[in-house]
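Single chain ahead, by itself, as structure tokens, in the form predicted alone.
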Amino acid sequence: MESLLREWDGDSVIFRFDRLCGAWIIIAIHSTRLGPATGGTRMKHYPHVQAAVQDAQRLARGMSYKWAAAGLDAGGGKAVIAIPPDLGPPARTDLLRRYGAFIHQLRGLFLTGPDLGTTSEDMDIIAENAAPYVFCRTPAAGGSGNPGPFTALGVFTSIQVVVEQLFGDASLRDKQVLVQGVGSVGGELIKLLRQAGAEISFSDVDPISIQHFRRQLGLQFVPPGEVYDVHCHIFAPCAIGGVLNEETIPRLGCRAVVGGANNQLATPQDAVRLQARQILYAPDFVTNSGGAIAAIGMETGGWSPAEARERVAQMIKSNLFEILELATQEEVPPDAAAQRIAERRLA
């Protein structure tokens, strides 16, 4: 634990142990250089506290780059609530209220919204004690709602940019796309891909989701253990992070990786591994920034949902073209090019 805190390049990590249910609350503040630390609240079970801290730190760092690359005035932060495996619904709701009171005590140092394991309805509960430091509450509660469709739009736009880069035309008709994870982002992404005429396959671990997308929509299902071996044009990881690593990259049968998951690269060296295999990687903190951009724009800039969709598509398209051009000019992986652009603004 001490080495995690010593070696991290962020500002601070704030801990709280919830004695009533045995959960750990970890808020990682990576940077406030561009504004208050802003990032989602992730809720899940971890094998140990160190894993939760490491996850919060990596996610917070990604948020710093996400905001900077998008040109928005917000800092990087992330919250992780490491819950016990047997936490029931009533206890979970009470925990969210206590977490909201904790956020309020920070007086705007950290602003939050939904992430893996939390929803807009959860933000309503947190906001009972944490308003005005909560984004993406339900529209009925005055928020911008589920950011998933806007995140999916950003990933879809990024796929178009990458396809144009590879094939000279942004059309997705007959392009083969494998979507890993069909939750709030992956499921919405599939809707956009179907409308664009792409050939879609998918992978997931949830039986209900598998039945819906395979039987009701007629999409090809790929077992989780086989996703890296599938030959396709685009691989779109939209579930957990760390899926691109020294074991999976040699197996990849795709031309490009463009997804919605956070921290897809297990290590920085994995960007080099992808480049060595001539697999184009669109940096995740750019491709998955649509939900964050839309939430900020609608809740602080007065954007309508229609304007938010237009702005998200324009901003991500422009940012990704700039990143890919810089990567080509300087002969570096796109992830390194994206970090350089973000670091210029952070500096």
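Just so it is clear, the model here is predicted, and its values are computed rather than measured. Residue numbers run from 1 along the displayed sequence.
Although not depicted, the form predicted in complex with a small molecule is the subject of the following passage.
Ala295 is the sole member of Ala282, Ala52, Ala295, Met43 with a non-hydrogen atom within 4.5 Å of the small molecule in the predicted complex. The single contact residue among Gly76, Pro114, Gly259, Gly154, judged by any heavy atom lying within 4.5 Å of the small molecule in the predicted complex, is Pro114.
Contact annotation: the small molecule lies within 4.5 Å of heavy atoms from the stretch 59 to 67 in the predicted complex, the single such stretch among 59 to 67, 306 to 314, 24 to 32, 43 to 51. Residue contact with the small molecule in the predicted complex: Val80 places no heavy atom within 4.5 Å of it.
Mapping the unseen interface onto this chain, Phe213 falls outside it, with no heavy atom inside 4.5 Å of the small molecule in the predicted complex. In the predicted complex, at least one heavy atom of Thr38 sits within 4.5 Å of a heavy atom of the small molecule.
Mapping the unseen interface onto this chain, Phe235 falls outside it, with no heavy atom inside 4.5 Å of the small molecule in the predicted complex.
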